[in-house]
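Below sits a lone chain in structure tokens, taken as the form predicted on its own.
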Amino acid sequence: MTTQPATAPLRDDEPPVNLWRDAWARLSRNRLAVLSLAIIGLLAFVAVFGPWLTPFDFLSQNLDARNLSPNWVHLFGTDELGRDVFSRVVYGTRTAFVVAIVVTGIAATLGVILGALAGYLGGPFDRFVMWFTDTTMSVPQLLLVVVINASLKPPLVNFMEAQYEATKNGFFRNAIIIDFVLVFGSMALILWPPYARLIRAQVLSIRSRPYVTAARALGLTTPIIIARYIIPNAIGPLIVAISAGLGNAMVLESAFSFLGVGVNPPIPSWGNMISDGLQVWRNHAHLLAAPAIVLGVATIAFSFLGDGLNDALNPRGRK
């Protein structure tokens, strides 16, 4: 008498199960997610190559063409200095993407390291990390950014000036560097706690799995176990969080620039363009509408992409 195998073998023409290929198949069936991915790809292309494709330099002024309404020459019109708004919005896309990618990268890296160690080690280190995350999240974001900028900008300016006097290198006279350093640092400081909480929760559910126990029995070190066995199995929720975090970082950068504590002129930012346009929107609405609409489209695209990635990587969570 013969017994049937518990599971039928795969046919030669049947592809093996693959998490990422299956996730991509589910994502490609989500029309909103695909459209959002296309919009984000277009914005990324504009951020990289747009400044070389625009008809005008974003800093060039023409006082004879001030406050023009949108036309075939100036697609988004001109501002009070005769600068082409379309060119400035395009360059603002680069600013938004650079800030979003760098800030999210720093925040996610810091959150993953601290969250993974806290969840895996537990004990006093876990309690300290969770206390630090709770303390950071309890402070209003705007207040924390203002305090960081107000307290650190004068010492940084003095340091850069001292370096310029010592070396006569014009690099140290570039105020834009100080703005970006403060923006990157302050925003990363307020955005890392959610990543730490997410990874900690994933690690707490993974660290008792048989393959982690086997890795410990084999004598592998804690960093190797975390990097090779724990973080790869928690990467799905992290990808979803990073996708949503990119859009959130763009909105925060624009909000801080709008309030004067982010990227400052002459570098175009959607936030400082919205701030300038808000003062004259009754007579020149295009100065407010152009950057605000682009920011809204980018934010919505990242939101829908995050929802699509959540459905694709966690199909059991769908209703």
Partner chain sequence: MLLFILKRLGIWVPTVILVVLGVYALAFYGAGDPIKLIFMRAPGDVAYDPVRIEAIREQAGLNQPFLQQFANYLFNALRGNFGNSLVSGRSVWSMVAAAAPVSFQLGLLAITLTAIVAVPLGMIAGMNQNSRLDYAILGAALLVWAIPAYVAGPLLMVFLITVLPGAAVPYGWGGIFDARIILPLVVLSFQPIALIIRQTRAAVIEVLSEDFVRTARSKGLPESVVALRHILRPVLTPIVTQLGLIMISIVNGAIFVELVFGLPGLGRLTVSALTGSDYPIILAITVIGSFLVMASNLLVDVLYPILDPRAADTRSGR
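Only the largest set of C-alpha atoms that superpose within 1.5 Å between the two forms is called the rigid core. Every value quoted in this text rests on a predicted model; they were computed, and no experiment measured them. Positions refer to the first chain, counted from 1.
Same protein, other form: the form predicted together with the partner chain, not shown, and the subject of what follows.
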| property | result |
| --- | --- |
| The single option of Ala292, Val34, Leu59, Val280 touching the partner chain in the predicted bound form, heavy atom within 4.5 Å | Ala292 |
| Ile177, Val147, Ile101, Leu75 - the one with a heavy atom within 4.5 Å of the partner chain in the predicted bound form | Val147 |
| Site test, Trp131, Leu142 and Ser151 vs the partner chain in the predicted bound form, non-hydrogen atom cutoff 4.5 Å | yes |
| The partner chain contact in the predicted bound form: Leu43, any heavy atom under 4.5 Å | no |
| Ile39: touches the partner chain in the predicted bound form, heavy atom cutoff 4.5 angstroms | no |
| Interface membership of Ile274, the partner chain in the predicted bound form, 4.5 Å heavy atom rule | yes |
| Proximity of Leu27 to the partner chain in the predicted bound form, heavy atoms at 4.5 Å | no |
| Interface stretch in the predicted bound form with the partner chain - options 178-186, 76-84, 102-110, 132-140, non-hydrogen atom within 4.5 Å | 132-140 |
| Residues in 71-85 with any heavy atom within 4.5 Å of the partner chain in the predicted bound form | none |
| Core superposition between this form and the one not shown, C-alpha change of Asn158 at least 2 Å | yes |
